[in-house]
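Below, in structure tokens: the form predicted alone, a single chain.
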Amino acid sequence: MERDDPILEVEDLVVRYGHRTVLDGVSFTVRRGEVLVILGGSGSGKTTLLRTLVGLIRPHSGRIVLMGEDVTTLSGARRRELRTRMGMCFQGSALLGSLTVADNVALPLREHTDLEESTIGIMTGIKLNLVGLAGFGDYLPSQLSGGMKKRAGIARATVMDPEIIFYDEPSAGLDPIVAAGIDRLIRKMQQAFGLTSVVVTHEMESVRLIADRVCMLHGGRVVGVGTLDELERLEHPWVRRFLSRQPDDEPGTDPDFLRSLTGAG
């Protein structure tokens, strides 16, 4: 298929928690083979959007068409089958502490296939080598650094050779050097396998390194979709403040108020 062929189409998506609307008419597409970053501030709805895209939250209304299937109308069995064609890399890696790294990576293969253990071992080893963890298969998650846990999570998310992978804050909590390594790994997966990636983040350095396009959320709505250069030319005031790291006006920052606190004349 062509690179511009949409693998994911989101149409007028609405998600509510009680009476509070968290996502309000969200629409965008993800092209096959691209890295699309979902970018927004705290409370913008980006994590809720990601959880809805992978089927963990059922929307109030709207459509999510993933690989030609409307996931909002699928039965439980069909939805589980579709999930085997996607990967999810959680923010905290979500490795099972009682299992070795290799067993964590092999878990989807054991749960969803009838492959022989010898084949599972080979496939697991390939993925661990791909993410730079060859030789660490017998380690427990507690013996790994934060960056290594992220890499193990990516190995597990890709072990079924998915067509699309979703990342929740993949570089959160990592030092800049380790975070850059995770960013390069995401790009490596795209370039080596044509893997489509949807990445939720608020880290601008990561956005600049990995994003083909960016979907910006603010207040539960899409305020811009495009390349980073295109978004930086938008006239939207919040987009401009976010991308240029300009803080909102905050109470208590005017000079008279500060002088009153310090007792200065």
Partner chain sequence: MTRLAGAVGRWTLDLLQAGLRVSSLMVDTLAAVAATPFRGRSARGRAAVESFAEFGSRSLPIVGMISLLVGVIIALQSSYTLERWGAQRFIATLVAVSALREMAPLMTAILITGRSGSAITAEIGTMQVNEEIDALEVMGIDPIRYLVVPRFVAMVLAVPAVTVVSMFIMVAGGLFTSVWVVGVPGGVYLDQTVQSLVARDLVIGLTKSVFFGVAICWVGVYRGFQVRGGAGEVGRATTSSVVTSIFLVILIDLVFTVFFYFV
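Positions refer to the first chain, counted from 1. Quick caveat: nothing in here was measured; it's all calculated off a predicted structure.
Not on display, but discussed next: the form predicted together with its partner chain.
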_Quick check on F136: any heavy atom within 4.5 Å of its partner chain in the model of the complex?_
no
message = Can you tell me if R156 lies within 4.5 angstroms of its partner chain in the model of the complex, counting non-hydrogen atoms only?
response = yes
Please run the contact check for M86 against its partner chain in the model of the complex: heavy atoms, 4.5 angstroms, yes or no? yes
Query - G147 within 4.5 Å of its partner chain in the model of the complex, heavy atoms - result: no
Answer key, its partner chain contact in the model of the complex at 4.5 Å (heavy atoms) among L99, L74, I126, A180: the residue is L99
Interface check vs its partner chain in the model of the complex: of I164, L107, L130, L174, the one with a heavy atom inside 4.5 Å is L107
With a 4.5 Å heavy atom cut-off to its partner chain in the model of the complex, the contacting stretch among 226-234, 47-55, 26-34, 63-71 is 47-55
Taking its partner chain in the model of the complex and a 4.5 Å non-hydrogen atom cutoff, the residues of 89-125 making contact are F90, Q91, G92, A94, L95, L96, G97, L99, L107, P108, R110, E111, H112, T113, D114
